[in-house]
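Shown below, as structure tokens, is a lone chain in the form predicted on its own; questions about how it binds or moves come after it.
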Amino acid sequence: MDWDVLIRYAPSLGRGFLVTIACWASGCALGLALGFAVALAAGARSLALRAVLRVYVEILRGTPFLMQLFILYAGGPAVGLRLSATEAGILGLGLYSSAYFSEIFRAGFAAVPRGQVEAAMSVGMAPWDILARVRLPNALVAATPPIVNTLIVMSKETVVLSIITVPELMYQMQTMAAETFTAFDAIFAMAVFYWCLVEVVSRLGRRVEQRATAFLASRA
């Protein structure tokens, strides 16, 4: 391990890590919003809408993220969609993760006891009140562990962004390895960065799950 090389490249590695976090956080925030919207819309009465949403989810889950990223970045200009590498990376992460988040939310809503929903309806609660006060709190308790797991998976998918020249951590690692011929040092440093990110997300996820469970228990 050449510590002099790691120290010399520490600023660029730090900048790459910040770009990684920014792309991951922005993409997952977009994915959570889209996934929640898709899960809600999937409960609509329209068969056509449900079919379109099912196709959307299956295409995104059934094709490699790298292929989707290339379509957005290289194929986008053909239809008037001109994005920078970072914009394409964030949008790609958002669309890709939304398919998984939508299924998580759908399963969470399905786990809500039907009796609670019927009781809310029987006292005259409006549909949006039922969603906000009955369905969503219960669904989030069930959905939090898989959401955290998906966030962790998506954090590691960011390495693919280097292929379209997003200056994230993997891109900086490749530059370091090419300039110093210290591939092992670069890979080791990258592993440490990602382990730290995953550990933070895991701990925050457990805390959110505990608070959500405690909040639900306090309302029982």
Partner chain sequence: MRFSVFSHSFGYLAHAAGVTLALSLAGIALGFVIGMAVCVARLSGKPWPERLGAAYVSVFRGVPLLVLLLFIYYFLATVGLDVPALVAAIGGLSLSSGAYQAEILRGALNAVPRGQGEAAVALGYGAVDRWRRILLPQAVRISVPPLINEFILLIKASSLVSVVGIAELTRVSMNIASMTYRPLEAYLAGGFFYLVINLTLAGLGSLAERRLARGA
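Here the structure is a predicted model, which is why all the values come from computation and not from measurement. Definition used throughout: the rigid core is the maximal C-alpha set that superposes within 1.5 Å between two forms. Residue numbers count along the first chain shown, from 1.
Same protein, other form: the form predicted in complex with the partner chain, not shown, and the subject of what follows.
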Legend entry - Heavy atom distance at most 4.5 Å to the partner chain in the predicted bound form, all of D4, L13 and T20: no
Legend entry - Contact flag, M190 vs the partner chain in the predicted bound form, heavy atom cut 4.5 Å: yes
Inset, instruction - Report yes if any heavy atom of Y96 sits within 4.5 Å of a heavy atom of the partner chain in the predicted bound form; otherwise report no. - result: yes
Inset, instruction - Would you check, heavy atoms only and a 4.5 Å threshold, whether L66 touches the partner chain in the predicted bound form? - result: yes
Legend entry - 4.5 angstroms heavy atom contact with the partner chain in the predicted bound form for E58: yes
Legend entry - Heavy atom within 4.5 Å of the partner chain in the predicted bound form - qualifying residues of 178-212: A183, F184, I187, F188, M190, A191, Y194, W195, V198, E199
Legend entry - Per-residue C-alpha change between this form and the one not shown, R203, threshold 2 Å, rigid core fit: yes
Inset, instruction - Align on the rigid core first; then say whether the Cα of V192 has moved by at least 2 Å between this form and the one not shown. - result: yes
